[in-house]
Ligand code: AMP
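The data below hold one chain only, encoded as structure tokens and taken in the form predicted on its own.
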């Protein structure tokens, strides 16, 4: 039996029209659910009438976070179209590749990305309407919304239809478009509501980019599903984020960031006296957070909710209950209510507790597959519908999961598996290490050895020998890095995650 996907914005506009829905910090625009319903409807009419968008057509977005972007995403829902939010940090050839892959009817951009959008469309060579979504007039988007009148024909959405395509980072090859269906979003919203206590009274802040699953799916869409409200930040800025966290008058309850976000916040002088223990859910994901970072926030009365998820799981697959955060320090928790997980060896055999293997997941939040890539989709699954995450993990005797590292980040030194995240945790216990990353580099004797890249406090006086000696005190000798490079900053992607493939191997 097929199930219909219902329009969340329209439902809340009918039931609680005056309730706040979004607050765009950059423009200071605030919209109720009635406002959002009207703007989403006008946006859908504009895309339909001016751009010829219908059910199944793709709309590509090249823009920073904004309330406009939220409207566009939900206008696609109303039309039965597929939204493709694009990573604005990509180079023109990479953007052109995505356009060629998804073949959108329209590309909506903001002025700072006009040059990239036009150049990429030229390289792609296909036809798509370019829509300027500048803030204010003159602006094709705003004038289009003002001129849009009428009603969109009611379109039945099957729960298994795709709503969004999110492209993977492509660090190991061409990016793949993970299809996010209406069912995936519904069950993700339910999972978040159950485990993060999301209600119509919740107020979240969206700081991760909306082209990223963490920005769209945690907690923006679950809070909109519940009828709560969201503050939209165009980009992460540590001082502004800390201001929001400490301003009790805002009523902020939920936030999600990657470890780097919280690390930068904790290094601000104002953090020392900041009171943030009123926050209901401070989620961290995208990468395994250093234990020292979890302890730093715990000292502030905040039990960070380490959640594991990925683009293909839309988003959370496991999360740690707050009351277990200190007892199970470093764990990403238990499987959420609507998924199953397990750990297997290279042959797909189930592994016992405490064994390191690949984490598998299945359930209604797992992607239906990759856009127009049936072979890659087939390769991503094992029999029984189990999705191969590519994450190395272990499960303790109580069923709590620990992400050890990405399989691709693991290196083998002298026949021993070495997981960089373990070394990075040790490095963060050394005074003066502001940020670090470890990779494996070729070695004639051992095959591969570790190299640490460190951003250090200027007054710390760290040296290569001191760093290596510290690691040898904390870890088995074969795990200690054999070389150290000091950098002014590490390379990051748009979500704040360290892009290790950009670190030098020579």
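Please read all numbers here as calculations on a predicted model, not as lab measurements. Numbering follows the first chain given and starts at 1.
Below: the form predicted in complex with this ligand, not depicted.
Residue contact with this ligand in the predicted complex: residue 308 places a heavy atom within 4.5 Å of it. Within 4.5 Å of any heavy atom of this ligand in the predicted complex lies no heavy atom of residue 351. At a distance threshold of 4.5 angstroms between non-hydrogen atoms, residue 157 is out of contact with this ligand in the predicted complex.
Taking the partner from the other structure, this ligand in the predicted complex has no heavy atom within 4.5 Å of any heavy atom of residue 225.
Note on the interface: of 98-106, 272-280, 113-121, 207-215, the segment with non-hydrogen atoms within 4.5 angstroms of this ligand in the predicted complex is 207-215. The candidate spot formed by 285, 389 and 403 is fully in contact with this ligand in the predicted complex: every one of the three has a heavy atom within 4.5 Å. Only one of 81, 90, 186, 332 comes within 4.5 Å of this ligand in the predicted complex through a heavy atom, and that residue is 332.
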